[in-house]
Ligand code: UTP
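In structure tokens, one chain follows: the form predicted alone.
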Amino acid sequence: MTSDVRTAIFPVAGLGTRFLPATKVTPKELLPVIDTPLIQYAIDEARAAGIERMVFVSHPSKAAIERHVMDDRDLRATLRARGKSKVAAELAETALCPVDDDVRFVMQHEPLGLGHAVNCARDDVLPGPVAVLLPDDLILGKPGALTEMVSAYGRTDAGHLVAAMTVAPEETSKYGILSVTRRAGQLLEADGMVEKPAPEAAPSREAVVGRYVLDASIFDALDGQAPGAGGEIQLTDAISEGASRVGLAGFRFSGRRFDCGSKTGMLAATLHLARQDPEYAAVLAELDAEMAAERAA
């Protein structure tokens, strides 16, 4: 498919402290859900949405991300020489090619927030609106969440479109929360958003999760953005600031979202995918039986 949304930004510079010591050497974006790294799901989602240029905002300590993302011809040649042509072909299919694909890597040297990370990419984006994907927000479904959002973006007057889901009242302090003014199917028109409000101060229960389609004015807003929650440059604040000028809407995607920035979310995503694959049926059946026996004892 083709789209006016031509660029996707992947902020991947974070330290992944919640998964230490596993992320001491391996970036959290390369942690697998069964056998596929989180970042690969995000790349595949962007490809399916018709994205032309992918910009990865990384950190010098995370060179492994670029090695995973880009094609490795030497590795594929070694695999073919060892009779593993199928594996080599699978690697070629998932990797990005430095010749055929438009890929950029930029560095965020200091952890100054998601807004700062997005702004690091401003010199490398194509004209027009941009998508932002957070790989540790895994959204499973067909069509992909970004494909749905790109389609919806062309049908709304809102310059900023953010993925949204309803959360329990006690969960509002973990998310940016939309101030909803009108509901129309999957679209939630809003006049702003609040970063991590207490339940009693939350304007709604519609939480923003890691997919965004943003008007290009977001970069000017981020340039003048003062530090917000946690002393960081918050993307939420810049989006909210632009709501009155370019418009803001939430989008209720149809897929299932897993917070793979947490251990429980990663486990839930793994079990969810395992239960859909017959290869793991016997293992899961044995586990279920053991748990039933323990409850009965």
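These figures come from a predicted structure and were not determined experimentally. In this text, residue numbers run from 1 along the sequence as written.
The same protein also has a form predicted in complex with the ligand, omitted here; what follows describes it.
Shown here without its partner, the chain carries Gly154, Ala158 and Arg211, none of which come within 4.5 Å of the ligand in the predicted bound form through any heavy atom.
This chain is drawn without the ligand; in the predicted bound form, the residue among Leu112, Ala88, Ala216, Leu187 with a heavy atom within 4.5 Å of it is Leu112. Think of it this way: in the predicted bound form, the ligand has a heavy atom of just one of Pro135, Pro129, Gly144, Gly176 within 4.5 Å, and the residue is Pro135. Segments offered: 114-122, 218-226, 179-187, 93-101. Contacting the ligand in the predicted bound form at heavy atom distances within 4.5 Å is 114-122. Among heavy atoms of Gln108, some come within 4.5 Å of the ligand in the predicted bound form. With a 4.5 Å cutoff on heavy atoms, Ala289 does not count as touching the ligand in the predicted bound form; it lies far away. At a distance threshold of 4.5 angstroms between non-hydrogen atoms, Ala285 is out of contact with the ligand in the predicted bound form. Taking the partner from the other structure, the ligand in the predicted bound form has a heavy atom within 4.5 Å of a heavy atom of Leu15.
Applying a 4.5 Å heavy atom cutoff to the ligand in the predicted bound form picks out Val57, Lys62 from 39-73, in order along the sequence.
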